[in-house]
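Presented below, as structure tokens, is a lone chain in the form predicted alone.
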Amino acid sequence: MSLTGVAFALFLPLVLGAYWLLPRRAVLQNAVLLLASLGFYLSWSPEWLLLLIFGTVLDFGLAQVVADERRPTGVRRLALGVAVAANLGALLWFKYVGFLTDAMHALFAAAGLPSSATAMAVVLPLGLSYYTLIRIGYLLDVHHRRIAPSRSLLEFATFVMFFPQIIAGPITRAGRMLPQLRDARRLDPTRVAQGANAFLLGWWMKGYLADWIAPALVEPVFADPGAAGAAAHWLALGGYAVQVFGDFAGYSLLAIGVAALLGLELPVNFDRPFLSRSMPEFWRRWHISLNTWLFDYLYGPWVTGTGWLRGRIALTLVLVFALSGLWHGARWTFVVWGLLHGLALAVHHGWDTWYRARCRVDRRWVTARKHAAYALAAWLLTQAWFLGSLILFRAEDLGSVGRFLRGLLGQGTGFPAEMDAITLVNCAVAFGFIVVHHLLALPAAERVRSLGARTPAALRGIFYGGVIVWLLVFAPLGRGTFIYAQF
């Protein structure tokens, strides 16, 4: 069952009906959400439901031990270690055992040693990467006394298994979500309207932008780089940036919209990343919930702690983003992708430190940094780095990366046969929407945004109706799958 599928179009009204028609009591609302989440998960991955339930119950129980100050410190630390190890162990086994086996085999082969290691194919449970981080974050927050442990298994299980976010996030925090589940929710027309708008925008970005761009512009070129010219390669690369953004930002908006319809608030996960003028800014705007998790639970403790990484900012950035790349997938292309972004952040840190030193001794450096030319150069460099790194993100292996790079510099003007007139028009609309979507966030567009808010309700209704008709024609329910569901 997908958030853009036919089954979900029937499932969601049933959930909303049961949720809002029952008496306004938190325990009843949470029970409806938990049953809905279990049913949603069963529709995707019934064979792994027991793993999800067992891990949730285990973490709930061990968190009580971690928080119990009457117990010896060693016992509480042991409970934390067991809980974190169980979560990471499941993630390592299901997601990385094949990757590690292949790496060991290659290492032995390079050393000229015999190896009996054979690749293992293990099916990845749905949402494992996401709910693992959610549960580990909860355990660490309890350990550091940032939050009190949940005393209700129903409340905690609803938080972990909440169905809109379980496929691909956002990665929620217990400190933000548990208080919402603790109190009864009331039907708020304003929040319902916001949820419907977010859901419609998410459906547009996922069902239309991403799913039109992918089969017509991206997949044909990446599947056979030698059959297309340089222009097609550049269009495919730009198209993939639109596809990934539309797919993942669209899913996040769908999840945020569904949560709002249920009276709950999920964190914003994307904030116009293509306006970024530095890599740190980019990663504050792209996949926000993952990157704040990495910085709060890994980077911060490592760089400010008492260990060897203390004060080693550049090295820690590279290490954290290498782990981020590995989190995205068990392939060397993802690892190199993460390393490149960690390196970009480290270089930016060095540049920023050097430039600030110049500014302190000569104010002309300050003036230069405020100049439009500096801003344009910073924006171009940031976006070019991200765009180039997407080749690694999309490619199946490092050899494919080389072939695509050669295609970018190649000759010819050949285009895939899938690029007919209708497809090219839809792709142009997709690119245009990304531009407008970002430009409307600029301060200069405030007048346009306010004009939209003042538009009569009847005209807005006609506009939304037209968007829905367009989606039904060009983005039918259930078309395509979410890229980030595989992570």
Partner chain sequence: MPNSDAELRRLIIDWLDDQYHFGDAEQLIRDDEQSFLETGVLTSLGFVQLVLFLEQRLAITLDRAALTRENFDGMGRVVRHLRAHLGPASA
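Positions refer to the first chain, counted from 1. Treat the numbers as computed from the prediction; the structure is a model and nothing was measured.
Unshown form predicted in complex with the partner chain; subsequent notes refer to it.
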query: The single option of 234, 379, 295, 351 touching the partner chain in the predicted bound form, heavy atom within 4.5 Å; finding: 295
query: Among the candidates 71, 403, 144, 77, the residue which, in the predicted bound form, approaches the partner chain to within 4.5 Å (heavy atoms); finding: 144
query: Contact of residue 399 with the partner chain in the predicted bound form (heavy atom, 4.5 Å); finding: no
query: 4.5 Å heavy atom contact, residue 299 and the partner chain in the predicted bound form; finding: yes
query: Touches the partner chain in the predicted bound form: residue 311 (any heavy atom, 4.5 Å); finding: yes
query: Contact of residue 213 with the partner chain in the predicted bound form (heavy atom, 4.5 Å); finding: no
query: Options 277-285, 82-90, 196-204, 234-242; stretch whose heavy atom lies within 4.5 Å of the partner chain in the predicted bound form; finding: 277-285
query: Residues in 301-321 with any heavy atom within 4.5 Å of the partner chain in the predicted bound form; finding: 303, 304, 305, 310, 311, 313, 317
